[in-house]
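There is one chain below, alone, in structure tokens, taken in the form predicted on its own.
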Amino acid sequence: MGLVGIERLKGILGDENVKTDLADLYVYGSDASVHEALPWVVVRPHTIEDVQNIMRYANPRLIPVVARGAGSGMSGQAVPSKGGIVMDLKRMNKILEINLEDTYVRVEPGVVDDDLNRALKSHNVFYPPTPASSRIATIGGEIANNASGVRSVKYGAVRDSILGMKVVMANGDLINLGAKTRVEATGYQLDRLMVGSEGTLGIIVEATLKFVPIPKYRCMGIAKFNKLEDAGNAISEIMSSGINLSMLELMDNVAIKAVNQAQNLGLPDVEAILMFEADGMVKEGVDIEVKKMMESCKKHKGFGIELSYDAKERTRIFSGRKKLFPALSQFKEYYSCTSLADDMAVPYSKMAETAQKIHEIAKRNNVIMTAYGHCGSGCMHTKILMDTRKKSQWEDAKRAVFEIYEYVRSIGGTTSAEHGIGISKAPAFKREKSDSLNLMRAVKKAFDPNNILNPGKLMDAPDDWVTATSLRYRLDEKDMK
């Protein structure tokens, strides 16, 4: 980019908002994925006009621009694999309007999910699609990846809460998409196209989101199963019964052992645990829904069932699931928890079979894997635990990832439920969507003719995710020989 370019950016944003120190570039060169690549420069805009001016500088010079929120993405979406500018949007963090009459809120992209819900709570409403990373995840990043969370079975993903947005295009133009109304039939739904686009089509600089009332009553339950298959049968029955549940979560034995080992929670050593919940404004209705789920669990050999409306008890019941991800990092000495094949979605009837297949594939490929997730949404989370110092383990993981996604595709599943594609899952994504990749590339070219917005991602990511970038993990020099 050169010194002249850096000075031009400083002229736009001020010296303090343009970072070129190696330490800063290193921090911004990775996210929560396995990937890393250094940007040329990091910029921190404060206003829409700042974003426009950055794009007007970068576009004619063919400089890549990667928008970044909190960097909590697990697939490498915010990793600048082609270098260029990383645009840190966290300073655009204002809640611009809370409109209670029309039930929407307008926010800048750097607003943190939990901060938004704290502001909404005083009005007795909430923004539902809260991911596990809600304490750091920003709204812009959630939109770009179509994030969701434990209550997506009832309230949907981010796409279901979007009303409209403002987007800065690659050439610096500002466009308004969507509306502030609950329904809209005015041409192409371009706001929906931005959801899940991972920063490849435009820079989201403002979002209009709908919120819903906080339920007056919420009851959570837990059931244990000696057989994973029995838990899977309970899931299928619950989801096909018409129950209006607000949460259904699965933990397998590896997950249970991990949280017991890390947190000393004393969960039973069983093959599976289901956590279920119903919420609403009328207690009798919640009682009916929870009772139906409890009966389904009992029918399929669930035992040790607990139920509670109490907030502290609900927190206790859910604590194992809440603390699972950090616990997995402590599962075995020298093993790291990596996000690779980590959030596929499968039909309800295939949840238990998928969990069993994951363990079978892991054993065959010399890695450890867990199966857990938002089974009410068909989302199966898994993490690959391996000794990341060894080159052979990366080859093992590569084979396991390929096998898992081939299986998922064979049963009518999809590559990603909520974590997006980025780099890690691009090979599987491209196999799944092979008949529409050229159409996606045509859409990308229409929005970004010079291909500067997060290039090298989604349909244009390399077919080998292991060598696509540097890895955040350092290989043992002995193993490299």
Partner chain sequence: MEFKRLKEWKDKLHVCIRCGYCYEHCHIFKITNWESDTPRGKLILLYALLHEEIEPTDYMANKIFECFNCGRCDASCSAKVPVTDIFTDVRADFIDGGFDVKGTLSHINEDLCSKCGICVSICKYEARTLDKEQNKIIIDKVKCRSCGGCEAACPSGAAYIEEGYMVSEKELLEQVQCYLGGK
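Predicted model, so just to flag it, every value in this text is computed and none were measured. Residue numbers count along the first chain shown, from 1.
The discussion below concerns the form predicted together with the partner chain, not included here.
K.L.:
Given a 4.5 Å cut-off on heavy atoms, tell me which of 279 to 287, 125 to 133, 402 to 410, 346 to 354 is the interface stretch with the partner chain in the predicted bound form.
P.N.:
The contacting stretch is 125 to 133.
K.L.:
Answer yes or no: in the predicted bound form, does the partner chain come within 4.5 Å of a heavy atom in every one of R106, A119 and K180?
P.N.:
Per the other structure, none of R106, A119 and K180 touch the partner chain.
K.L.:
Whether A262 contacts the partner chain in the predicted bound form should be assessed with a 4.5 Å heavy atom distance threshold; does it?
P.N.:
Yes, A262 is a contact residue.
K.L.:
Given that the partner chain is not shown alongside this chain, does Q330 nevertheless sit within 4.5 Å of it in the predicted bound form, heavy atom to heavy atom?
P.N.:
Contact check for Q330: yes, within 4.5 Å of the partner chain in the predicted bound form.
K.L.:
Is S72 close enough to touch the partner chain in the predicted bound form, meaning at least one heavy atom pair within 4.5 Å?
P.N.:
S72 belongs to the contact set for the partner chain.
K.L.:
Should R389 be classed as touching the partner chain in the predicted bound form when contacts are defined as heavy atoms within 4.5 Å?
P.N.:
Contact with the partner chain, yes.
K.L.:
Which residue, A32, M440, I48, I63, is the contact with the partner chain in the predicted bound form, using a 4.5 Å heavy atom cutoff?
P.N.:
Selected option: A32.
K.L.:
In the predicted bound form, which residues of 17 to 36 put a heavy atom within 4.5 Å of the partner chain?
P.N.:
Those in contact are N17, V18, K19, D21, L22, A23, D24, Y26, V27, Y28, S30, D31, A32, E36.
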